[in-house]
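Shown below, as structure tokens, is a lone chain in the form predicted on its own; questions about how it binds or moves come after it.
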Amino acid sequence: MEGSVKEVIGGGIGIGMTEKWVKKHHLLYTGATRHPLILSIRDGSVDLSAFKRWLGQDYIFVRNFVPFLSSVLINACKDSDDQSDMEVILSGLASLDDEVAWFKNEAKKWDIDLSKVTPQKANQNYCGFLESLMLPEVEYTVAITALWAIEAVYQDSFAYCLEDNSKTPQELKEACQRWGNESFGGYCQKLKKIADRRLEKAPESVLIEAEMTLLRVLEHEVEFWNMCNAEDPK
């Protein structure tokens, strides 16, 4: 019974569960990784005010992302069946100090006072979702799936803006490089392997919860891009 449920949820066999879900939910995944804001960065038509809104809002999100990632690390220490999981997650946590510093420096370049930036509704909702994933009853498998999805969306989105035929404005290339570089891509692949390994062994109830969590991540990502791209974000 469990095998048949996995096949129905995954939509096929022979590839990892995360890839099956990306294929199954292709439209939503594409909406998150090829959003009009990302496309406008890639083709050079981006409204820089949208980028500046993203910068301020994402700074707030990253600060809320730190405790979430810390909670995933704690879960890995307690529940992982592979000690290397901890090392992968710890590397991501260690990089966040530099990331927060980058946001502060970038904000100065764009004359943004981060102390005056308030979280918009979509950002509040996303941060609230992160908090829900830190609850004790959330399975490690579900949390690591969410972590992979959050990081993969940014990697896929910004790497797209760095391809040879892109027209990304020079002043935005550093931002794209932060998440679109090969090293971050390698980190995302490691997270994907962890998630796939855990999902392969997960019972039906955890698989369902993990897939629903992936969908919520993608929905929040789309709403976050929408918020930044709006002239009057709410």
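A residue's number is simply how far along the shown sequence it sits, counting from 1. Computed from a predicted structure; not experimentally measured.
If you look for the form predicted together with a small molecule, you will not find it shown, but the lines that follow are about it.
I150 belongs to the set of residues with a heavy atom inside 4.5 Å of the small molecule in the predicted complex. In the predicted complex, at least one heavy atom of F224 sits within 4.5 Å of a heavy atom of the small molecule. Heavy atoms of F68 never reach within 4.5 Å of the small molecule in the predicted complex, leaving it off the interface.
Contact annotation for V62: at least one heavy atom lies within 4.5 Å of the small molecule in the predicted complex.
Residues within 4.5 angstroms of the small molecule in the predicted complex, judged by any non-hydrogen atom, belong to 53-61 and to none of the other stretches in 53-61, 162-170, 194-202, 22-30.
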